[in-house]
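Presented as structure tokens, the chain that follows is alone, the form predicted alone.
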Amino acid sequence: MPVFAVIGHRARTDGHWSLNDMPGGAGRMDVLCRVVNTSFFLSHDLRRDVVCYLVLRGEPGPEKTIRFQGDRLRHLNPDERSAGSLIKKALELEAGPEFRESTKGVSVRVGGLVRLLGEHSFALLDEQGEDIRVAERLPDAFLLSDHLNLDEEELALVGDLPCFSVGPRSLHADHTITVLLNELDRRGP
């Protein structure tokens, strides 16, 4: 089961933003919406075997993590506003230390990258990593960043993770996931 975690460096941690201004007022939530859609959508179907975490590190804090579970996911349509609406609804819940479901397959909790790293054996997706096309074995969980590079604190946390690359050029997070899922599909179950 592929697991993706994407760090949203400026993504707001509350629901006080407009679906009409996800790139600005929501802290580049549009990038995270595209990641969600890419993680799950096939032509006329959803990937039921994927989990996608969004680690929100923006204002007003504290950090929150939103989890999308493909096997339970409902009400997601292939447009950014749909994913944005599900994220916004999750952020309007009072979040605690454990995941709390806002809609089928979407849940939120307080806490961010440190906790998530303790729960999964992630590999970092980075241009300098081992090429996924020649890697003998690929892990199940992948960590990547939004439109910003990892900061010093994050780099210190992930310094020991194995690194993989989808190619020599820097791609958008959603495009990286597309290439990776294609490689996983080609390798089979």
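Since this is a predicted model, take the numbers as computed values, not measurements. Note that residue numbering begins at 1 and tracks the sequence as displayed.
Quick note: we don't show the form predicted together with another copy of the chain, though the next part is all about it.
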property: Partner-facing stretch of 52 to 60, 156 to 164, 116 to 124, 30 to 38, counted where any non-hydrogen atom is within 4.5 angstroms of another copy of the chain in the predicted bound form; result: 30 to 38
property: Heavy atom of each of Arg47, Asp131 and Glu183 within 4.5 Å of another copy of the chain in the predicted bound form; result: yes
property: Contact label in the predicted bound form: Lys104 to another copy of the chain, heavy atom within 4.5 Å; result: no
property: Heavy atom of His175 within 4.5 Å of another copy of the chain in the predicted bound form; result: yes
property: Gly96: touches another copy of the chain in the predicted bound form, heavy atom cutoff 4.5 angstroms; result: no
property: is_contact(Gly15, another copy of the chain) in the predicted bound form, heavy atom dist at most 4.5 Å; result: no
property: Those residues of 63 to 90 which, in the predicted bound form, come within 4.5 Å of another copy of the chain by heavy atom; result: Pro78, Asp79, Glu80, Arg81
